[in-house]
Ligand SMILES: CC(C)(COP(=O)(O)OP(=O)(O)OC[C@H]1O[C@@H](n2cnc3c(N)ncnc32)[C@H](O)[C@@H]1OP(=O)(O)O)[C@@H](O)C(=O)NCCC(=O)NCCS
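Presented as structure tokens, the chain that follows is alone, the form predicted alone.
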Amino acid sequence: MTDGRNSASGPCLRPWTDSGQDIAAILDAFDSDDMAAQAGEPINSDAAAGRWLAQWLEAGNQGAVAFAIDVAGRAVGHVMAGAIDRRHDTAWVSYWVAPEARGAGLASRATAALAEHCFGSLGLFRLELAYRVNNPGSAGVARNAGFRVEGLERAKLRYLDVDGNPVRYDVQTCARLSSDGPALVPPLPLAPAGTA
């Protein structure tokens, strides 16, 4: 791995960069219908992608940690732990994978790797996440990464349907403790900073 790319060693987690390649990957991912509403603003320009990315590049960010899911030197997904609370040693986990990279188990393995990093390097104890009950793929990611279902939040999220009408969705909440057993899938390796 002499050029800083990951093509020889397989998929991994790596820090995000502000490279044109990462900006392009973010734009490609957020161009899909199911990703379009997942950010605070439409991610439809280099500037918008840069603003989304800036939070993960901020030096000394103690409230969150994020990684690109890298396959053959290209970012195809994202996994992060935010709202890190050092008093209680907790964090909130989220993840996404670009449509062209789905179905290969990358989100599960990336989330398992993020959990190991949070429990090990960051010393956290409890990780939480949630997904819409109509999203079986996300449910599988959570289960495979070792998260256990804890409850249902009724009508928590509101999104527009294809006709522009608001629809409310129930959300399943999950958690994984550092004292829980391992994930059901092998975690992705974590590449060192400077790898892109």
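All of these numbers come straight from a predicted model, not from anything done at the bench. The first residue of the sequence shown is number 1, and the count goes up from there.
Here the subject shifts to the form predicted together with the ligand, a form of this protein not shown in this document.
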Query raised in the report: Want to guess which of 141 to 149, 161 to 169, 54 to 62, 41 to 49 is within 4.5 Å of the ligand in the model of the complex, heavy atoms only?
Result: 141 to 149
Query - 4.5 Å heavy atom contact, Leu127 to the ligand in the model of the complex - result: no
Query raised in the report: Is there any non-hydrogen atom of Leu114 lying within 4.5 Å of the ligand in the model of the complex?
Result: no
Report task. Examine Tyr131 and determine whether its closest non-hydrogen atom to the ligand in the model of the complex is within 4.5 angstroms. Result -> yes
**Report entry** the ligand contact at Gly105 in the model of the complex, heavy atom, 4.5 Å
**Finding:** yes
Query raised in the report: If you look in the model of the complex, which residues in 9 to 38 sit within 4.5 Å of the ligand (heavy atoms)?
Result: Asp34, Met35, Gln38
